[in-house]
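First, one chain by itself: the form predicted on its own, in structure tokens.
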């Protein structure tokens, strides 16, 4: 008996496939058009960000690098001078002192900022009422949202030698008036204190997030092994918090290398050049002496220093950062 299926007259297998193929092709075309539409939609949403970064970030960076090879005072036409600006900047004693001041400021300020932020983050994460924890978190973060110029003006009055509140409190315990803003050591200390007070809140939040990600079971296991008190933080908290510490230190160093508001408002770089920073010299070169080429050269050098330090941090992180 034959089992061959009879097809209707006038319809063959080739004809059915021929009808299926256009349908499949149409489906693929619709999918391709849908994907293309999604790509265009993505570009439309990304366009404002790309345009903003190009106008306000990329173009100024390129223009600054190019300007470093020219002598330009806005009034006359730019003159190409090659590496003369870099040579003059390196030989300028004020620039060298400002870079040295900036490096010393970064070392002290970042160490205080990270140490204070970590200690307060650990304290806030300890057992306490939730309302008190929220209060501390808000209070420690609050200075970060204030204007650096406004804070610096206020602090300049607080640390005034003649009528400042700080010296008034010191006089209550018999300590004579301290010339905070008129001596190199005092002015440097005030600039560092004001900067750390206003900026440690960001590192504090990073450490709060890092501490919250450490499993409770790890502390329980450490307690069974006898690690309590400060040993718990030394052997558990610090190693597991090392990725957060890396991020906090990178951002803190980059920010500190660009310090400007606090020393400019508090001391104008004085007395002498004791608190003059690299960004202050850039500002003075560009907008007070109209030497935009030298200002750009200093900015390029500062950028190279920031990039070198950041690269060194990530290089060293392979040894000291522990990832779970």
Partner chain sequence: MTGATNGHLREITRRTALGALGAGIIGATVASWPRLSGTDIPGRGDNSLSIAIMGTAADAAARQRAIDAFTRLHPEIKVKVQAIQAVDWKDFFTKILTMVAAGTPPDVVYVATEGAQLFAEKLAHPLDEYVRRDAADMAEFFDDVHPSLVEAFMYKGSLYQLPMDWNAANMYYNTTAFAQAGLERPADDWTHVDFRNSLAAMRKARTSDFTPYYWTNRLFGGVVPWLYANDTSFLKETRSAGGEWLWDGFYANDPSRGLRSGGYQWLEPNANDDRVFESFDYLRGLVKDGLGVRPEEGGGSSLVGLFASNRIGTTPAGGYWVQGLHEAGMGESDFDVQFFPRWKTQRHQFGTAGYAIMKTAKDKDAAWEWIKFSSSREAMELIFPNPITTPARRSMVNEQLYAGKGPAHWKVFYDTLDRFPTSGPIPAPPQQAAVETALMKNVSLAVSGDERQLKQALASMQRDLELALRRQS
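Note that the structure is a prediction, hence the values are computed from the model and not measured. Numbering follows the first chain given and starts at 1.
Although it is not shown, the form predicted together with its partner chain is what the next lines describe.
- Contact check for 41, 157 and 162: all three have a heavy atom within 4.5 Å of its partner chain in the predicted bound form.
- Contact annotation: of the candidates 57, 31, 288, 49, the single residue with a non-hydrogen atom within 4.5 angstroms of its partner chain in the predicted bound form is 288.
- In plain terms, the part of the chain that comes close to its partner chain in the predicted bound form, with a heavy atom within 4.5 Å, is 87-95 out of 87-95, 131-139, 112-120, 214-222.
- A residue is said to contact a partner when one of its heavy atoms sits within 4.5 Å of a partner heavy atom; residue 277 fails this definition for its partner chain in the predicted bound form, lying far away.
- Remark: residue 74 counts among the residues lining its partner chain in the predicted bound form, judged by a heavy atom distance of 4.5 Å or less.
- Its partner chain in the predicted bound form is approached by residue 181, whose closest heavy atom lies within 4.5 angstroms of it.
- When contacts are judged by a 4.5 Å heavy atom cut-off, residue 267 counts as touching its partner chain in the predicted bound form.
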